[in-house]
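Quick setup: one chain, the form predicted on its own, written in structure tokens, and binding and motion questions come after.
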Amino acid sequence: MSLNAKIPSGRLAEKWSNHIKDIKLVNPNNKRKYRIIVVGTGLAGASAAATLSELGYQVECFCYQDSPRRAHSIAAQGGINAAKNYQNDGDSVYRLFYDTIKGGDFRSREANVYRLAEISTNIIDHCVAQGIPFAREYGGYLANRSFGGAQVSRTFYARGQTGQQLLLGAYSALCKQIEGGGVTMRPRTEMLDLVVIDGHAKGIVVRDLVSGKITSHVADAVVLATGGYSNVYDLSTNARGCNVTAAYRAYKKGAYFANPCFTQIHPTCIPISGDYQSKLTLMSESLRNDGRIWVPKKKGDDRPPNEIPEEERDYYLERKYPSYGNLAPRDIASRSAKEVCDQGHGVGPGGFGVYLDFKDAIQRLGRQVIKERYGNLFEMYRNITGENAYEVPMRIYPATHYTMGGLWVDYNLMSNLPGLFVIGEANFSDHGANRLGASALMQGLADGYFILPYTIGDYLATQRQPRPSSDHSAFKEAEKNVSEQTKCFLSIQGERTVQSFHRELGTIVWNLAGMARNEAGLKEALTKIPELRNEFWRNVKVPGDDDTINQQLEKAGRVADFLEFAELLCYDALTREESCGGHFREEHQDDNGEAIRDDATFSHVSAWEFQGNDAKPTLHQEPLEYTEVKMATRSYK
């Protein structure tokens, strides 16, 4: 199958506006005849479900949490980008567009990124109208701060709780539609299969996580808003429930998975503290506005940080990247931290940490100002580490965070499977090889509020596929497969816990396909992962039953998918013989350790097609063509 991105013709700045004028519409009286399933209730899913319902569609919305408010979007703390230029510092839609393309190391689709920058201005107005309590200047104007990869202040924020506040806005809009009957909400329900009939997505099969009941749900279109897959590494900044299952099951039904090796390592996380912790904690990138990052110049220097004089400190980001300093993009900041730690300059237990120091900012602005900007983050850090970051520097180290890869979608956010739309972090479309900070919230809300409500109507208006009954043989077959897999987990009765397999898988993927990768390591991973997967199916122990709450059973299904998906990630990383963004191949770097891209060979999207459990997937390529920007070597110096 050829990949048709369906990018509209015309000038880049006019593509979206012209596309809106040209796409087919569904008559308002006909919209209530269509049923749309939305899986996931983070910013993308909640905003999409609420908006589609407001338009008149019947919406059935699913989440595995007990409430949509518990979606992982609440963890996005630092802010949301928008090209408002409120600071009059030279920002514009084009500059946000270019920063995003450049930040993604020229591996994202130009038309999608420009649309995202264009819509960003509407998102802020919409959220202000919802009552989102953005920080404001003394005169009442919305405040801004900078984030990595930008030289302007374009990030709107609500202290260190931006994601939570934005999600509450989307949740309120969703609740209004639930109360009005336009949305049927199904919490504590997990999607376990996609049903495709005559080549079109027509519904899903789910398991009720309380009763264990397996049911089918039919629709005219399915929307996946299920987030990213960083938990393939076991330890990540993601909530423990975040998983790849919905996207991966869709991939096994024919949806292409794009750029799975593009995973982001976030530079400002609390360092790992032990072998058995459940997750890693993100300290917002916004802290890099006022915190200075440094390590001791002397290797193995274990003196308390306040006893190390200025002349014996290496502010390595300021030294290496003077134009951006501590606000260098995430991939560069992360690799730089790893580099100094590998050289023996790391701090804290095991030497896996660098300092994030607020001493200068507190002296310049006062402790109260820092508290107003980041107080809840400082409290969180103290609760976890027992250290007071107002008095001693924070210790941070990179950790897996966002995933730029996801299911392939066209300009309309529809996958190669007609009727299956993918939005937010679950798709690949906007961030290339590295996401700029504060752009995740922007993409989720753009997709849900402003893009999908237009583009899904074009599909529904042009397709005449009848909505099947849940008694259709395809649904019954999917239910049977889900039920058999569930019973299989319970029947193995091996000797190892699900978590032990997840931890071992995470160690393999982190060591061999983490911040740095090489051919030998990736080939080693592609040997170890199938061996671990085979042992899982022989030796996992899942206690309990399938007719009640059983979190180990839930986790078994997710880890089983991670064990397959990890192999796909490594195939993609091995095939991409270049370094770009979050994908750093050690064989492709210059004398200064900077990434070397291969634009002649790899200026494309890698989209993988499932060929069977024991077969290598097929690689398809979507060429990336730039009309408004010129590909160049990234420089933040």
Partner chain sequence: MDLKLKVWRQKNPESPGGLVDYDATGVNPDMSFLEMLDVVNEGLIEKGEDPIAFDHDCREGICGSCSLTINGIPHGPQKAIATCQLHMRHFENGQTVVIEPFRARPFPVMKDLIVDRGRFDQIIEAGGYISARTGSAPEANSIPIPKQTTDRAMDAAECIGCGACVAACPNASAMLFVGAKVTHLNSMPQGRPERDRRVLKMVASMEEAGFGNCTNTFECVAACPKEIKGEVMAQMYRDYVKALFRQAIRPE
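Only a predicted model underlies this, so the values are computations on that prediction, with no experimental measurement involved. Residue numbers count along the first chain shown, from 1. Note that the rigid core is defined as the largest set of C-alphas that superpose within 1.5 Å between two forms.
Not on display, but discussed next: the form predicted in complex with its partner chain.
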> Okay, which stretch from 589-597, 61-69, 575-583, 608-616 lines its partner chain in the model of the complex, with non-hydrogen atoms inside 4.5 Å?
Replying inline: 61-69
> Thinking of Y86, G131 and R240 as the candidate spot, does its partner chain come within 4.5 Å of a heavy atom on all of them in the model of the complex?
Replying inline: yes
>> Exactly one residue in F378, F106, F450, Y248 has a non-hydrogen atom within 4.5 Å of its partner chain in the model of the complex; which is it?
In response: F450
>> Just to confirm, with a 4.5 Å cut-off on non-hydrogen atoms, which of L532, C488, L365, V210 contacts its partner chain in the model of the complex?
In response: V210
> Any of the heavy atoms of Q277 lying within 4.5 Å of its partner chain in the model of the complex?
Replying inline: yes
>> Does any part of G544 reach within 4.5 Å of its partner chain in the model of the complex? Heavy atoms only, please.
In response: yes
> Even though its partner chain is not shown here, does Q463 get within 4.5 Å of it in the model of the complex, heavy atoms only?
Replying inline: no
>> Does any part of S146 reach within 4.5 Å of its partner chain in the model of the complex? Heavy atoms only, please.
In response: no
>> Can you list, in sequence order, the residues from 393-415 that come within 4.5 Å of its partner chain in the model of the complex, counting heavy atoms only?
In response: none
>> Relative to the superposed rigid core, does G199 relocate between this form and the one not shown - that is, does its Cα move 2 Å or more?
In response: no
>> Does M380 move appreciably between this form and the one not shown, meaning a CA displacement of 2 Å or more on the superposed rigid core?
In response: yes
> By the 2 angstroms cut-off, has the C-alpha of G348 moved between this form and the one not shown once the rigid core is superposed?
Replying inline: yes
